[in-house]
Structure formats: C-alpha cells, structure tokens
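Presented below, as structure tokens, is a lone chain in the form predicted on its own.
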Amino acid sequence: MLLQELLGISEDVYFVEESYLAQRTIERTLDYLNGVRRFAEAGKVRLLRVHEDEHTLGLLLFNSADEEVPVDFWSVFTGALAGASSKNDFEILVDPLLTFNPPEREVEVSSEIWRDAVNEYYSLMLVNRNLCPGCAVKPESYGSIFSENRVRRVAEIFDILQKKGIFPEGRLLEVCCGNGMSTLALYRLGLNPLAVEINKCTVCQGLEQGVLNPQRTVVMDATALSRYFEPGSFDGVMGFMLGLVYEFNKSFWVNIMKETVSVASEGALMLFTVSSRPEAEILAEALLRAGVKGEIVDNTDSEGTYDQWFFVGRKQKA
C-alpha cells in the first residue's frame, strides 16, 4: 500500500472516516481529534506527522494490540481533502496537539501523492469487500467483461483529435468511468486520469481485474463534483458512452455537464461521447451554455454501437 511505503511502516492502517466522500467534511476526524488531545497533552501518544511544507496533511496515531483488536495498527486522520473550513478546523486541532506531543517522525510528501494514497486506501477497502458487508457478487473473468474492440474504439477518437492538434494534458478527470473499459484506453495512451463512478460494483469489478488504478479511482456521484473539487482542479474532463441521454432525463445530464465545467480550468479540454446525435446535441447545448466552445463530431461506423458521436471543446474564459 502506498501509504505504508511513504511512511515506512508495516502495521495496518485505518482511516478514521468511513468513505472517501466523508473526507470532505471530516466530522468524525474532528470529533476523534478532540478526544485524542487529552491523551496527547500528557505525552502518552505515539504520532507520525505527514506534511507538505508547513501544512499538516495527515496525522497517524499508534494503537497497540488488545483483547478486542489483536494486532497493532495506526489510525489515520487527515484534513487534506476537506473543504476550506473543515481543513482549517483540522489544523487548529492538530497544531497544539503536536506541541504537547511531538511526533516521533515526520514525513514530507506532496498533497497530490497524499491524495493518491487516500484514494488507494478506499479502493482497496472496496475491492476487499470491507465497504460492502455481505457482498455476494463473485469476480468474473477478464474476457467476459472487457472488450478490446471497445478499448480500440476509444483510442481511435484520440487519433481523430490528434489530427486536429488536440490531445489531453495536465490534470485529467474521467466521469462515469464504469468498470474502466474506456479508462484502460486512456492508460495505454499514457494518460493518468482521476476516474470517478457512482456504482461501487462496477468500480470494484475494474479494480479486481487490475484495470482501474486504485490510486486514481474514486466512487463518486458526478452530479456533485463541485462539492469535492475546487474550481479549476482539472485541465481536461472526459466521459465515454455517457447515457442513455434522453429528454425525460435531460436535467440529470445537464447537471453533470455543468458540474464538469465548474471543476475545469480555463481552456480545459472537454470531451464526451454518446451513441446518437440527439444525445450529443443535449450535451452540447448544456456545455455551450456553461461556457464551453466546441463542436459535435460524427464518429459513426458500421457497427453503430459505441462512441458514435462526440462533443469536443474547451472551457472559455468567464
């Protein structure tokens, strides 16, 4: 696990928050830290501090084995993914705690690497069935799930874009990634997007098959991107075979398009594929209204199944 590698520890680690999304509000973290402070003031706590420059990204508290938990482990507290207010509350609690009880060791990492470590932790918890008690879904074979034709179809879109002088760069986000079929094509192109998907089972499927990168995959609702990412967080936002996009669920997809634009930087590449022109027109209208300039591209082939139409454009200056 990346977190253990970064810190040079062999014991198990457990984040205080039960899910990645809970890291945005860190209610449990703040509550527990208030309790930890009483012990820290007496200098009775073993701590590790993870930081970037002067900012504390994470705090690890050692827990010795006992009758209830027969192994040693570290509890992990972090405010690095929290909103501005909660992040400030985290640092207000941590700073005096560290004064009373200096950490036995400090490790400096970038906030990006720390975020990857947090992502990986929750991905591994998911694929190991720790987030879904009683799960009865059995792993399927790679060949029964993934199609090379589908992967190739996505890659062909980028061949078209490169001829137009367009290729994704920088910080990338893929929404509605499913089990990672399209993400696999992006990996093979040398891209490393943060892939998000609301369906835990399909994400788990992609992780089990080694398709999705656990450090760059998050179970998340694409209609709530702006709740978890700051404006301008991504230089490119993509989504492949979105849908089905109809008039009756138009508002749902319009909302997702608005959310993708809200977390995109100025000039960010926006790329979304669907199976029909009417679907592409719905997405294009929403994106244009949200400040994206682009075009609908006819990508139909004889099979008429995947990625038949796509919208490609860039977010304009507000």
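Computed from a predicted model, the values in this text were never measured in an experiment. So that there is no doubt, residue numbering starts at 1 and follows the sequence shown.
One more form of this protein exists, namely the form predicted together with a small molecule; it is left out here, but the text below deals with it.
- When contacts are defined as a non-hydrogen atom within 4.5 Å, all of 174, 240 and 256 contact the small molecule in the model of the complex.
- The partner is absent here, but in the model of the complex a heavy atom of 223, alone among 111, 223, 128, 88, sits within 4.5 Å of the small molecule.
- Checking 193, 178, 168, 214 against the small molecule in the model of the complex, a heavy atom within 4.5 Å turns up for just one residue: 178.
- Of the heavy atoms in residue 189, none are within 4.5 Å of the small molecule in the model of the complex.
- Within this chain, residue 182 lines the site of the small molecule in the model of the complex, having a heavy atom no more than 4.5 Å away.
- Residue contact with the small molecule in the model of the complex: residue 115 places no heavy atom within 4.5 Å of it.
- Heavy atoms of residue 39 never reach within 4.5 Å of the small molecule in the model of the complex, leaving it off the interface.
- The partner is not drawn, yet in the model of the complex one stretch among 115-123, 226-234, 197-205, 78-86 has residues with heavy atoms inside 4.5 Å of the small molecule: 197-205.
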